[in-house]
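Encoded as structure tokens, the following chain is the form predicted alone, with no partner shown.
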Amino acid sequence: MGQWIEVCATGDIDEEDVMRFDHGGQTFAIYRSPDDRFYATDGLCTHEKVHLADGLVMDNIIECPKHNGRFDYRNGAAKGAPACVNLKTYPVKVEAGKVLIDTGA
């Protein structure tokens, strides 16, 4: 088990949106789903290392802003070419109105 890191307040991310979070030399993408749940993945697209936080969230899909590769942010599954390598996902919990992720570090 890694270390839980505070990312932001729950209100800092709108439903069906994403934000970038940098920690320990790594970039993460933090999502808030339409059903008000929080998720975390690596922050860079597996195709060309573009920041996913600049992309578009639709339902449970993040679309990369560069070549429109798509991933299901709930499980990291690549859902559309040119992205064919899954994203790494991270455990998320909410405590006292704060979003925390376990970076595995």
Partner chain sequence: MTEASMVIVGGGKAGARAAVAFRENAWKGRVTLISDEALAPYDRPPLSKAAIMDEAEPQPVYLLDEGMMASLEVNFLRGSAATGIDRDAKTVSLADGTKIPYDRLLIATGAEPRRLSQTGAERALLLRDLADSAEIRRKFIDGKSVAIIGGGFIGLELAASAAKRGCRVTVIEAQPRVLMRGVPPEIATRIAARHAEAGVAILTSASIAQIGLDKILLSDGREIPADIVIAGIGAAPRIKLAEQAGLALDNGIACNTYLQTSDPHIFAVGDCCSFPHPVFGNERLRLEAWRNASDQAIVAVENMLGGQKPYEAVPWFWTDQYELNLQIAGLPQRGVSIVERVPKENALILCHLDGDGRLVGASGIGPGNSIARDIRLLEMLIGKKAAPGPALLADPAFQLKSLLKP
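Since we're looking at a predicted model, the values are computed, not measured. Numbering follows the first chain given and starts at 1.
Keep in mind that the form predicted in complex with its partner chain is missing from the display, and what follows is about it.
Taking its partner chain as it sits in the predicted complex, is E16 in contact with it (heavy atom to heavy atom, 4.5 Å or less)?
Yes, E16 sits close enough to its partner chain in the predicted complex that at least one of its heavy atoms falls within 4.5 Å.
Does at least one non-hydrogen atom of E63 fall within 4.5 angstroms of its partner chain in the predicted complex?
Yes.
With the partner left out here, check for me: in the predicted complex, does some heavy atom of H67 sit within 4.5 Å of its partner chain?
Contact check for H67: yes, within 4.5 Å of its partner chain in the predicted complex.
Although the partner isn't part of this model, could you tell me whether V57 comes within 4.5 Å of its partner chain in the predicted complex, counting any heavy atom of the residue?
It does: once its partner chain is placed as it appears in the predicted complex, V57 has a heavy atom within 4.5 Å of it.
Neighbours of its partner chain in the predicted complex among 19-54 [non-hydrogen atom within 4.5 angstroms]
Counting only heavy atoms within 4.5 Å of its partner chain in the predicted complex, the contacting residues of 19-54 are E48, V50, A53, D54.
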